[in-house]
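Here we start with a single chain on its own, the form predicted on its own, put down as structure tokens.
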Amino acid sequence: MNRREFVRSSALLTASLALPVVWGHETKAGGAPDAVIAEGDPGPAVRAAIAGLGGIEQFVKKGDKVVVKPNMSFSNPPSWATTTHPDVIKEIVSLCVAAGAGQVLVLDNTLRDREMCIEQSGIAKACEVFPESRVLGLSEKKFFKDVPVPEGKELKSTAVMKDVLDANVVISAPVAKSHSSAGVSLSMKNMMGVVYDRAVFHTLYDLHTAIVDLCTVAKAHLTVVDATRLLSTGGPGGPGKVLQPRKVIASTDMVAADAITVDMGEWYGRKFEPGQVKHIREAHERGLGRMDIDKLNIKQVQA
């Protein structure tokens, strides 16, 4: 951690203290915990975390179209922790296919060259064994549809991937990493990769509020945060300090998953409370999810 990065990151996080969730999780399994933290290698940890929520069958039905949204925006190897571990995505796809999904699309509007991102992340290679899946980087306008954001405070409309809008199930599967503008990049921030023009989030709007606005229309039914590695500094593109928590956090509540990840991680050399991240606090206050993790039913398992 250098001093400039620490000061900037601290300011980004604490500047949001003046701000205040739950969207309805229609697919939440009855009696399931609010979140599951699984410790282990990437694949087994994903399987254990989703099993703890009641199993993938709680979310994916026979013939469903599933979209998995990883973070594969950068053409870096998995060891950099700037992209979701390929074994995490492979296991999610495997579970969806086993549940009878008709199609599993792994999609991102990458920041860097999409072919390089798909190759360097290792995600395409990991998923090639599943004929029901496709790994794609989508950036052309024809793949997106303009949608209103009725609950938006900053973002009043945006163009979202048609496949996301048409999907029966959307799974947000980010890597846990720091972010020079948003403080952290987790499941809610990850959804910026399903829109056509993400630059305006940074140039026209309050980034944190716009992230929450987006999540009112681009909702994940299931969140699987890859914290097997955690990019503690240097995010989002790295390189930076990479920690090895060996954890996967699964929840039907994006806000809770992000809050748990913030709480368990070390960021820029120190600990932060979930409420110090503006978009987490604002999402909680606007009813998109819960950051009061001390009141949640959180199950911890070994994979």
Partner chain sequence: MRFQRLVQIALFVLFALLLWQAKYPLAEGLPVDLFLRLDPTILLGTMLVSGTWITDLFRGLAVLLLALVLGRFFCGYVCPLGATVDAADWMIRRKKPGRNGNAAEGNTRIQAWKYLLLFAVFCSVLAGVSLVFLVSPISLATRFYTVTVYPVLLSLADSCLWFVENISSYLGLDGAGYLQIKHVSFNANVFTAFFVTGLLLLGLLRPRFWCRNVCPAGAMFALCSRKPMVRRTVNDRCTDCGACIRSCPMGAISNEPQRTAHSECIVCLKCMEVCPENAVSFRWTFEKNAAPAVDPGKRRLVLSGCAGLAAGLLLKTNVGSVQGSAKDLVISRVRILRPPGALPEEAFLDRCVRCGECMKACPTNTLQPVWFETGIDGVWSPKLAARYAACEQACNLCGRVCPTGAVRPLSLDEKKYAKIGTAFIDRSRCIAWEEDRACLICDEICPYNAIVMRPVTDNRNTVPFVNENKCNGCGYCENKCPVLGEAAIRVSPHGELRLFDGSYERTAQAHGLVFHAKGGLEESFSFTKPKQDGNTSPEIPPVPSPDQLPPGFTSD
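What you are looking at is a predicted structure, and each value in this text was computed from that prediction instead of being measured. Residue numbers count along the first chain shown, from 1.
Same protein, other form: the form predicted together with the partner chain, not shown, and the subject of what follows.
> So, a 4.5 angstroms cut-off on heavy atom distances: do all three of 94, 168 and 228 pass it with respect to the partner chain in the predicted complex?
No, because 94, 168 and 228 lack any heavy atom that approaches the partner chain to within 4.5 Å in the predicted complex.
> Considering 99, 149, 136, 195, which brings a non-hydrogen atom within 4.5 Å of the partner chain in the predicted complex?
Checking each option against the partner chain in the predicted complex, the one that comes within 4.5 Å is 136.
> Exactly one of 211, 182, 88, 123 has a non-hydrogen atom within 4.5 Å of the partner chain in the predicted complex; which residue is it?
Residue within 4.5 Å of the partner: 182.
> When the contact criterion is heavy atoms within 4.5 Å, does residue 245 count as touching the partner chain in the predicted complex?
No.
> Tell me, yes or no, whether residue 54 is in contact with the partner chain in the predicted complex, where a contact means a heavy atom of each within 4.5 Å.
No - in the predicted complex, heavy atoms of residue 54 and the partner chain never come within 4.5 Å of each other.
> Taking the partner chain as it sits in the predicted complex, is residue 47 near enough to touch it, meaning that at least one heavy atom pair lies within 4.5 angstroms?
It does not: once the partner chain is placed as it appears in the predicted complex, residue 47 has no heavy atom within 4.5 Å of it.
> Are any of the heavy atoms in residue 276 no more than 4.5 Å from a heavy atom of the partner chain in the predicted complex?
So residue 276 counts as contacting the partner chain.
> Is any part of 101-136 within 4.5 angstroms of the partner chain in the predicted complex by a non-hydrogen atom, and which residues would that be?
The stretch touches the partner through 103, 105, 111, 112, 113, 114, 115, 116, 119, 120, 134, 136.
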